[in-house]
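Presented as structure tokens, the chain that follows is alone, the form predicted on its own.
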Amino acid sequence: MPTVLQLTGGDPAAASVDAVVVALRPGEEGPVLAPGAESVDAAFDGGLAALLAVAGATGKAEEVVKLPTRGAITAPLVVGVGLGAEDDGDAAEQVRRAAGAAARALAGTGHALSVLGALDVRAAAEGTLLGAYAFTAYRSNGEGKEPVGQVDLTGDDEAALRTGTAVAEAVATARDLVNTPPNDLYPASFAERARELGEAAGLTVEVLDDAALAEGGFGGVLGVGQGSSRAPRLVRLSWSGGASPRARVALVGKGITFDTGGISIKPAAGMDQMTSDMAGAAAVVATTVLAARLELPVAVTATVPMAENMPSATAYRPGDVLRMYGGRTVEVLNTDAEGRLILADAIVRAAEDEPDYLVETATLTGAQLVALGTRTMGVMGSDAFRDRVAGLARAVGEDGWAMPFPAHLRGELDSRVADIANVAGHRYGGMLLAGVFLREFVPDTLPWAHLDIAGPSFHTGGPYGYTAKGGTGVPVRTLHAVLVDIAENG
């Protein structure tokens, strides 16, 4: 069962719960309690921080130390979690990560109270729910502890709790989709799940199957998907923005449900991680549903191309020329550069709606990991909007870094036979070249941003903060922040 959150104004020291979570920061002479734990500290005669220090606490970020209370307070356990130094990062993100670390440490606990809500209700809510997240749909042996059942957060900001809960649940939806194995999540089933999510949220839903894609001239989606026995799809989800939407935003996400590389096949090592190659699509679907749930005054339309990139007798080949939606032609030099092909179709279709902004996200290039590592997304696009989106990504804890489009790069994609080639003849600047390719399909006057999330969307190491192994849900929180910013500032 998912973790339940509620607000409480009661005394943490007198709460009838299984554990009380308090926050710590490093101090000159040992850890120092953060605000919210005063009554608990008083029950220990002002010595709670010292006792936690004896148990190993220092206050460093995400450190968790458990201390039996021996009857000093009603709860039998105090959990001290580190925030890190006040000047070491964004305050809300510190709370988010601490709440996530505490929630994960509380797995198997029935009921807890967290004073982190006294610092930031929304951040505590997001961190708690994301830290408690577990994907167990395919475990038949009951392995692993159940997530903490209920967490009471100190505070009285119901609106912040509602928003934090909704955002975290949207991230969890994206994580679930990414973590679903590709034998169960393929274009048709993904499209059906998107339909179900959209209709449940009151969205307008359109699904194009392979016949409709052929009739419409979606050559990129069809070309990539023709090697698979599972035919491609294109899904459109629309939120009206309410009675008076303040802007129209197009969201586009790459939905490659599994990527072998096609004829330009990938190495076997790590290919299992290509189950995450639809993370951009998952984020876009979840964000559009979130916009409706929170009734954001922004009209949002998601255009989501879905295909499986497989090698077979019917697969597209290096040397093929595809005629994209809208008529431009692309010479395929590498079938493993498939994401940009389905995105090009989707971008042109999305632009036909004449949006005020377009945001597209994709697990697009291994070059993103080489340039920025596993936790920082590359943000490209029109300069002002690119910088705006990158700043919002950093503000919500999904690190984003603005990247350039040097003028000379377009010439690297010149084709011998078509309007443009899908890759250059070398491996340098691959992340930027992919963005330059996509720019060719975006109207010149449309503010747009491209988010390359190849690394940040899927975590292969051990859990940290509120991030579990597997799908991360990046960049749902960034996309939500962009929509809110547009609603407030145009």
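No experiment lies behind these values; they were computed from the predicted model shown. Don't overthink the numbering: it's just position in the shown sequence, from 1.
Note that the form predicted together with a small molecule isn't included here; everything after this is about it.
Remark: of stretches 229-237, 254-262, 389-397, 322-330, the one touching the small molecule in the predicted bound form is 254-262 (heavy atom within 4.5 Å). For the options 273, 150, 74, 165, the residue carrying a heavy atom within 4.5 angstroms of the small molecule in the predicted bound form is 273. Between the small molecule and the residues 367, 79, 119, 101, the one pair within 4.5 Å by heavy atoms in the predicted bound form involves 367. Interface membership of residue 266, defined by any non-hydrogen atom within 4.5 Å of the small molecule in the predicted bound form, is confirmed.
Contact check for residue 192: no non-hydrogen atom falls within 4.5 Å of the small molecule in the predicted bound form. In the predicted bound form, the small molecule stays beyond 4.5 Å of every heavy atom belonging to residue 432.
At least one heavy atom of residue 363 is located within 4.5 Å of the small molecule in the predicted bound form.
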